[in-house]
Every structure is written in C-alpha cells, then in structure tokens.
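In structure tokens, one chain follows: the form predicted on its own.
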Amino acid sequence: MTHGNRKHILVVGAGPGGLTAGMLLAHRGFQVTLVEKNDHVGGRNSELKLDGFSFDLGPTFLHQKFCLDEIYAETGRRSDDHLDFVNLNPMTRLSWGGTSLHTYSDRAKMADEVERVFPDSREGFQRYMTEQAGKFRAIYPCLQHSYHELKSFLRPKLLKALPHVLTTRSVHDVLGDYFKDERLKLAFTFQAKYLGMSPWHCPALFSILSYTEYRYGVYHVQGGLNRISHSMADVFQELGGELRLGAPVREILHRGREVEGVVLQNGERIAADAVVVNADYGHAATRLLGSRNVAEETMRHKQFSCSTFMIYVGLDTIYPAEPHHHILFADDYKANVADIQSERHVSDDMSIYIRNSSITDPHVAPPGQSGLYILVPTINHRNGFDWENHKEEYADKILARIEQRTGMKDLRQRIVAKRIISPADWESASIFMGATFNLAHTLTQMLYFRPHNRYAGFDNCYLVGGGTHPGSGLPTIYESGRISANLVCDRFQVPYQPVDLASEYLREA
C-alpha cells in the first residue's frame, strides 16, 4: 500500500468534498487515487448537458467564497486564476404575489430596498446585520474542526458559541426579533432551504446563513458552478493525483478497525492506507461496507432533508428582463413547508426557484437562446410517491405558475429541450431516500451527533460531503473535505500549513 515513503489514500467519489480532500492530500505529498462511478466529476455539483445547453445539476449559489479561496490557497493557487467569478448585485429577486424585493450584499442598498418594500423596517435590518455579525464570529470557527471525540466540546471556541447553539428557538423565531412582516421574515429565512429544512424548525444558529449572503454576497461562476468541480479535478491531477472515472465501488474492504481499500464493481481491488468516502452518506453506510453496513431500516429512522423536483429547460429565446436568481414564494408558504415536512403531500401551492443565468453568462446556451434551471422543494422519497406517473403533470403546473407570476408569459411555447429530475430519480442516482440535502440539520444531528469526519468504528476511514460535519451546502462541504484531509495528515504525522483567509472576513463582520 505504501509507495516509497508515501502513503496511498483512496478517495471514493469526485463530488466537491472528495475533490477538496484529494487536492489537499495530493499537495501534501500523499499518493492519491480518486475513483468516481460516473464518467464525469462533480457529483451533485456536476454539469448536465442537454442538446447544446449546459446546466448545473445542483448548486447554483456560491456563498462564503473565502472558503473556496482557502482551499486553492492551501495548494499555492488563487481560485480567481482558475475560475471566472461574477459577484451578483442584485443577488436574488424574492416575490410574494405582486410584491417583490431585490436583495443586495451592499448593506446601504439593502437597507434602502427593505425600507422601500416594507416601510419602517430599516432599523430592524440594521440591527439584524450588527447582531448576527457577532453570532457569525462566534459560530464560524466551530465549523472548522472535527467532532469525532466528545472532548471536542471543551474547545474554548465552542464553549463561547454554545449559547447560540443550545436553544430551542428556530430561525423563524429569531427573525421575529427584527421584523414584523411575515414576508420580510421569509426573506431572511428561505436560506434554510440550503439545509432542506423548514425555517419554523431549523435551529436558530442557522440565522447566520442569510447574514453571510447579505454581508459577503453570492457568486456565479461563468460556465456554471460545475466549473469549480472541473477546475478542482484539473488541480488534483496537476498535483499528481490519479483520477479514475467510470469506476464504481462495490465495497469498502476492512478488517477490524482498519479499512484496507476497496473492490470496484468490475472486481478490481485497490489497496489503500486510508479511505475517504464522498459517496452519499445514507447510501454508503447502508451499501458499501459489507458486514459493517447499517441496516436500511435503522438509517430510515434518522431525519432526512426534503428533496427537490428539478426542471431544466432550453429555450429558443432569452428573457433579459428576468433576474439571474428568482424565488416565487407559495401563497401559503407555511402550509407548503408543512406539506414538505410531512414527507407525504406534494404541494400544488409550491415555492419555485428559477435561475436565468444566460443574462449573465454567455457560455451556457447557444447564441440567442437560454436555459432555465427550475427547482421546487418537495417531499423526499421516504413514502414512495408515484413520481413516474405524475412528473410531467407536476412540471406543467410549475411552468404554468411561472408564466402567471413572471414576465415569461410564453415560456412553454419557447421550450426546445427539457429534462426533469424527480425525488425518485435522485434516489435512483444513489441518494438515500432522494433527500438531496442529506441528513436534516437538527440539534440531534449536528456536531458530535452528526456522522463523524473520521467514520465511527474505523481508525482510517473518513467522511466528506453534506452527510457529515459541518453539513450540506458548498462552503461547508469544502470544509468537510479539509477537515478530513487534516485528520488523515494527523494520523500519518504529515505536517501541513493551514491557510486562514476567513479571520479577516470575521474581523470585518
């Protein structure tokens, strides 16, 4: 397994977490092999190609860009030299019936916009930004460490943050301290969707999610956010890493507490000194560990996030007056969220997220044409809803609502290419229960109580991705990759030099 004095690390899955860990470990001198079941990199952050159009399969917002900057910096690179970032201002249009709010990362502009749409709300916004800055400063450092040992809770940084963590309040409760209008509260709580959770149940500490957007902005990457995965794969290989596409893993091999490598679906065995797992957590834990698999029924008892109903459409026109990001809230948002949380009811009164990136990005569609990415949060596949016989009908309801509530009145007539991904399709793609945001981020499934970065029961198996600490969302997934890479280095006593760009941002918070 050990080649010369270099340990061999095997990474299973080329999603954002696996690519991050692979980059860092290759840079730090390990021999790294990254095996990916698909013929392309990226996992849920990959490219979906459709008749000349290019879509992001999953994430479309990059927030906390400094997290990504740190990963590149640790390999002696600048992310801006590899990727073309666009800082979006305005960031998103939020619409409730006939009322719309544009969001900005410019604090003065955002205060003016909040006051314009919701009079007498400026003071609440300013107070929110000031008070959440302190909360962000306290919590952020706690997301940069592993919690595979209980003594982690004795870290001074975590003790300082505990009052923000140990509360029964929800994100929605917190926003009630600053705003009276329910719609304005939603403008600062809809980010709970990144966690696949309801703002009425999402723990209060996650009120920092909207703060980070309004403070540090959201970015588009020209060509799509999937370019990040392509760039990371390029850097990984420049650093000497071996990337093997079309190489699905059948089983992770282990003896006692030691993982010994993997066997691929084709029967090939690859020995390793440590394994980093970037497969979907629920899938990996129930399918890839042979005699140590978790029973599926046991896994299903955990709380999982919602799923997403996706429509990707190529159009024969461009809608230049429509925003890059647009969220259409359900008429009764609370009832819509309750339906999703029930895991049984598919809402006809749905909330819809639309990305119209062609107004910003010339690389994603043929000239004169555009692509729309449409996402509707919905039930996961726990109870087996018959999506196959309902998805076309549901997609048509969504498209009709978009025509009714936006300037895209002839949308359905303009479609020249279409692809639908339902929760059942996500489940077929090895995402446990089709829960696209992974395990729910409840207090009983966070920090030490979330699957550990060093997989419990093993000494040399590590988890990365949304199903481990710190959680789902691109910045936290990058952080999971770095945490696990650091743990591998600690195990084999390989020194590394951390890069800290975040402290400067925290000081400015």
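None of these values were measured; they are calculated from a predicted model. Note that residue numbering follows the sequence shown and begins at 1.
We do not show the form predicted together with a small molecule, though everything after this point is about it.
**Student:** Of the options H469, R44, H441, R454, which one has a non-hydrogen atom that comes within 4.5 Å of the small molecule in the model of the complex?
**Tutor:** Exactly one listed residue reaches within 4.5 Å, namely R44.
**Student:** Check each of Q445, T33, S54, N38 and return the one that places a heavy atom within 4.5 angstroms of the small molecule in the model of the complex.
**Tutor:** In short, N38.
**Student:** May I ask whether A247, T436 and P475 each come within 4.5 Å of the small molecule in the model of the complex, counting any non-hydrogen atom?
**Tutor:** Yes, the whole trio is in contact, each within 4.5 Å by some heavy atom.
**Student:** Even though the small molecule is not shown here, does H283 get within 4.5 Å of it in the model of the complex, heavy atoms only?
**Tutor:** Flag for H283 set to yes.
**Student:** Is F432 one of the residues lying within 4.5 Å of the small molecule in the model of the complex, judged by heavy atom distances?
**Tutor:** Taking the distances in the model of the complex, the answer for F432 is no, it never comes within 4.5 Å of the small molecule.
**Student:** Would N278 show up as a contact with the small molecule in the model of the complex if we use heavy atoms at 4.5 Å?
**Tutor:** Yes.
**Student:** May I ask you to state whether Y373 is within 4.5 Å of the small molecule in the model of the complex, using heavy atom distances?
**Tutor:** Yes, contact at 4.5 Å.
**Student:** Sort through 362-370, 328-336, 302-310, 71-79 and report the only stretch with a non-hydrogen atom within 4.5 Å of the small molecule in the model of the complex.
**Tutor:** Among the candidates, contact is made by 302-310.
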